[in-house]
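Single chain ahead, by itself, as structure tokens, in the form predicted on its own.
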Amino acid sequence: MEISVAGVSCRIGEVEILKDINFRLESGSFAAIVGPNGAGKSTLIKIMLGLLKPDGAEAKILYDGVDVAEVNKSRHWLGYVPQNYAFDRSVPITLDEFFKITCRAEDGDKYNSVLESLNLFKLKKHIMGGLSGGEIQRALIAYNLFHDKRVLFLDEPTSAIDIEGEALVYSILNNLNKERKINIIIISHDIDAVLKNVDTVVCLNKTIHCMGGACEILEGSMIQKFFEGHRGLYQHGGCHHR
């Protein structure tokens, strides 16, 4: 699905959060939005999801030429996995029950298949509050997959996950992107993970400073220059082609 962002700016009071954001992502892309803390990354994806409105009537967010408002009204293509999924862990709801709130009886085979594909089937009867951070992330990805989302946004998808869990999550995301052709857009500070997994990097700090292929950005030293003077740049071990 081709994604187009044009003329997006955002102010909150006197504070400029985003200024004249313009870019396009090809159908089937796996993209990362990177930038220092306070760069406007989360605000940008919330605008792309239609959860926030940008300033000015000229701003456009299009998915295959369809405005985001129409997408959310009738097409429901967009999925979102937040950085922290807040819920009452004392509520005795199982993973099975969590899904079946919106699962019809006739969807049983599809439901089981989705859980199997994300290595969650064995956890169906587990209480949600007892799942690890990585298991919760996979459950939220599964929920979006079950509902046939065509674009999946993830905000720091592995920030609270160990190395093994991170590898599994990225393996799942790569599979969804390659095999199912789902557009993946992540926010991440982990430059090494970004360069190993994504095909497009958007460097954001209120406005777009650079954008291109992951290896292109790395080999031109643009990432280092972009993050110079900011905390949160993680060291990387070189460019890895997907």
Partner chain sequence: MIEILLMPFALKALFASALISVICAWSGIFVTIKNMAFFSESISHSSLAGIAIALWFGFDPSVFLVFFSVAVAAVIALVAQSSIASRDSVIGIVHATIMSAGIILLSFLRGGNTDIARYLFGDVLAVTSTDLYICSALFVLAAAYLAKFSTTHALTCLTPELAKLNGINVKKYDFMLMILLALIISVSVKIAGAILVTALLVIPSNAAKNISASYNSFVLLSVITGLTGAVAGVAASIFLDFPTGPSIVLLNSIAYFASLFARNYLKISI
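Please read these numbers as outputs of a predicted model, since none were measured by experiment. Residue numbers count along the first chain shown, from 1.
Here the subject shifts to the form predicted in complex with its partner chain, a form of this protein not shown in this document.
- This chain is drawn without its partner chain; in the predicted complex, the residue among H209, K46, K60, R180 with a heavy atom within 4.5 Å of it is K46.
- The listed set D88, E116, D109, E164 contains one residue whose heavy atoms approach its partner chain in the predicted complex to within 4.5 Å, identified as D88.
- Proximity to its partner chain in the predicted complex holds for all of Y80, I101 and I127, with the criterion being a heavy atom within 4.5 Å.
- Among residues of the shown chain, E97 is one whose heavy atoms approach its partner chain to within 4.5 Å in the predicted complex.
- Looking at H147, you'd find a heavy atom of it within 4.5 angstroms of its partner chain in the predicted complex.
- In the predicted complex, L51 approaches its partner chain with a heavy atom inside 4.5 Å.
- Contact annotation for Y170: none of its heavy atoms lies within 4.5 Å of its partner chain in the predicted complex.
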